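Next comes just one chain, in structure tokens: the form predicted on its own.
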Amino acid sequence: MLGQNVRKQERKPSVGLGVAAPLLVTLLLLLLVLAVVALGLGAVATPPADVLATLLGGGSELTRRLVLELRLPRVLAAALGGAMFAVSGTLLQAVVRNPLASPDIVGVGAGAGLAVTLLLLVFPQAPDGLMPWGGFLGAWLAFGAVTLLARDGLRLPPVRLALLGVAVGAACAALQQLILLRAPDPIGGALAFLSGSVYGAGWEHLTRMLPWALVLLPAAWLLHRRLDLLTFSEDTALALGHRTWLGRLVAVSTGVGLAAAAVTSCGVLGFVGLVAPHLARLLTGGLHAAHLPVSALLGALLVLGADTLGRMLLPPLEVPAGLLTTLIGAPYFLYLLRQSSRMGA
């Protein structure tokens, strides 16, 4: 398979979770340092020492309000959204055995965004908790359409999957923009985050995706042995006693659910689900016990770093995090696409 050939080029000797522990600790510390920096940024800058004192229960009333009420939910939403997109991309790449698969490239993100927009337009008083379910349905429909159109018999050619995914995603995004242009101002403004930004993210955004993260992120890790088996051929997996259709269905549902819930709070963060899994694979190899948590931390670092950089580039204007992640990920996607084309997909 072409996708497997591309992955072989990137594959390093695989390491288990125990061996990857120092890497995980390093990434976690980097994430904490970046979070402290991000919590200190704003119209009223807060020194790191004051941020830490506030997080530990101290600080002045003004600092507590700035750090805990205004900035902390945005930082947590960025980190959690990045982790969810990254793990979603890891699952999708493993299931379809395609290095070009990620939530935004196979139409999952755009399908979720379109479904959420339609849901709020038809049911403007719908509770927040319903949005991830609407996104989940839209994401599944878009992913199903892409895989059906891209399938060539039993094969799922990487380049065809990527091109059809981009086409279906673009169609969903265009429909969404058209609907937003016609939507009443309150709804259009409320859905501005769907463009891929955590600007203005509050605790309501965080609580919208947190239950999904608490259930699906551990579930994704529990699937790590099944994901390892899915990287083998169909016949090999069956010979090992693995029911591939069930494993694929559970893994895809978990990945689609993670992406859909993240979209309802952060919008579509371009290429996070592509870049983070590839970087994690370069660091850990192919075993998913270590690959999944490393990918999650890299996704969190990527989105939080993009959001922090976007706040520093052109103050007081803010560059959306999704725009920066797209600028980083698009060249890498084109590189992978070219590699796949050269191998005769």
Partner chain sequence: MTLARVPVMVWYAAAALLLGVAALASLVYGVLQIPAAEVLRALQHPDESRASLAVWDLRFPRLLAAGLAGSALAVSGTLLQGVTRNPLSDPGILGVEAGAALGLSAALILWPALGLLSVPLAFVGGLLAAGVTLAFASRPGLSPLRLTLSGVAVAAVCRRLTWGMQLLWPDRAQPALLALGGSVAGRTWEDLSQTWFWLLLPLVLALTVGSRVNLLALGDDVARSLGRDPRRELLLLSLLGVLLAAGAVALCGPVGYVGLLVPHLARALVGLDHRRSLPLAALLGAALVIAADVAARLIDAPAETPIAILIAALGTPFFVWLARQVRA
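Here the structure is a predicted model, which is why all the values come from computation and not from measurement. Numbering follows the first chain given and starts at 1.
This protein has a second form, the form predicted in complex with its partner chain, left out of what is shown; the following refers to that one.
Since the chain is shown here on its own, which stretch among 155-163, 89-97, 217-225, 134-142 would lie within 4.5 Å of its partner chain in the predicted complex, judged by heavy atoms?
This holds for exactly one stretch, 155-163.
Sort through L32, A49, L282, L317 and report the residue having a heavy atom within 4.5 Å of its partner chain in the predicted complex.
Exactly one residue meets the criterion: L317.
Mark L181 yes when one of its heavy atoms lies within 4.5 Å of a heavy atom of its partner chain in the predicted complex, and no otherwise.
L181: yes, in contact with its partner chain in the predicted complex.
Report whether the minimum heavy atom distance between V25 and its partner chain in the predicted complex is within 4.5 Å.
V25 lies outside the contact set for its partner chain.
Its partner chain contact in the predicted complex: G257, any heavy atom under 4.5 Å:
Close contact is absent here: in the predicted complex, G257 is far from its partner chain, nothing within 4.5 Å, heavy atoms only.
Can any non-hydrogen atom of A115 be found within 4.5 angstroms of its partner chain in the predicted complex?
Flag for A115 set to no.
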